[in-house]
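Below, in structure tokens: the form predicted on its own, a single chain.
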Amino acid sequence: MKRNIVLIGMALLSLSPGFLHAEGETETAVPEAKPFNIAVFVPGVVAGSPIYEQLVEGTGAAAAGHAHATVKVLEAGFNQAEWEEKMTSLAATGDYDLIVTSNPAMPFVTVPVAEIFPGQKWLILDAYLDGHPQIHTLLYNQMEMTYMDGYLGALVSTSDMTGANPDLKAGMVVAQEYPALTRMMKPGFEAGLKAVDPGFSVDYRVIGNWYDANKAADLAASMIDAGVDVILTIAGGANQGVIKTCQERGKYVLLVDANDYKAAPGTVVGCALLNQSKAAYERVNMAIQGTLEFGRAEIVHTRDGYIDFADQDPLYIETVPADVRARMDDLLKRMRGGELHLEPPPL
């Protein structure tokens, strides 16, 4: 009887993980990976916001490569006064290993929340904050991005295009001021203009928020009255006010972040790009794998493939004269190859 019990026990044991399958071979049980839950906090809405569409796309693509990773998207709307409260509510759930977001204002929103929830981790793209142990930020070299727009803007303004005038004046409408804008984007735009003609000046206006298209339209009209014929707008939803005014007045618009010539064909003459899909995909992958370094602030460049210019879009080719595009092509070749590089200042 004892012998039979032993034989039965051995037979059962042979069916269990870790028993010898063959001489010298042992099957090792592979533990299931712990779920890694990601929340994407969109300070606005996804639809119609190319930079946020890229954020969601890149994060989703990274999570799709890991069976244990999940993604939830929260749209916080355009009212910036509500962002901190909504971020607090999200962190308070304790459900997410990583919260991913994007906007230059988000470090200011996130830091107070991080103090309340010291175990929460964030990845913030298109922003800069160095040294916070719960936050990793990635900022694009926006000096190079706006330099591209400035260079093209000056070429358009000094061209024979219908809306151009003899005044060496370009406009810049921004939603809010923040370090990357005042130290990188504004100087980059001015440098690009002056690389074509040192006589260029910038008419610079601040809206005060990311949504007031009516105020943006008024500012654009005032600029045009003062002799401006091309305007760079960095104002989120308020960009529509600048675009509408320039359409009505026959002037030109420059954009950043994404390819959006379709917003106003013939009016939008240049779109500098951020490759946010690439940044989100790579950094979220690192976070899932446990290699993302929190407390670090990165700055990435044109030569790295994170910044570019939409020069192959048919609307760009149709709108901008061949001689202007030829000079722009030369600039882009030098920047993409790293021959021309603008070193950003300390932030």
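Note that the structure is predicted; figures quoted are calculated from it, not measured. Position 1 is the first residue in the sequence shown; the rest follow in order.
Heads up, the form predicted together with riboflavin isn't pictured, but that's what we're talking about next.
Candidate site formed by Tyr128, Tyr306 and Met335: none of these residues places a non-hydrogen atom within 4.5 angstroms of riboflavin in the predicted bound form. Contact with riboflavin in the predicted bound form, defined as a heavy atom within 4.5 Å, holds for exactly one of Gly236, Gly188, Pro107, Gly241, namely Gly236.
Of the candidates Gln134, Ser277, Gln247, Gln176, Gln176 is the one whose heavy atoms come within 4.5 Å of riboflavin in the predicted bound form; the others do not. In the predicted bound form, riboflavin sits within 4.5 Å of a heavy atom of Tyr52. For the chain shown alone, Thr267 is not a contact residue for riboflavin in the predicted bound form, no non-hydrogen atom being within 4.5 angstroms.
Although the partner is absent here, Thr101 is not a contact residue: none of its heavy atoms lies within 4.5 angstroms of riboflavin in the predicted bound form.
None of the heavy atoms of Tyr261 is located within 4.5 Å of riboflavin in the predicted bound form. Only one segment in the set 176 to 184, 84 to 92, 155 to 163, 216 to 224 has residues whose heavy atoms sit within 4.5 Å of riboflavin in the predicted bound form; it is 176 to 184. Although riboflavin is not shown here, in the predicted bound form the stretch 76 to 99 places heavy atoms of Phe78, Gln80, Trp83 within 4.5 Å of it, in sequence order. In contrast to the form presented, in the predicted bound form the C-alpha positions of Ala81 and Ala238 spread farther apart by 3 Å or more.
By 3 Å or more, the C-alpha separation between Ala238 and Ala105 grows in the predicted bound form relative to the form shown here.
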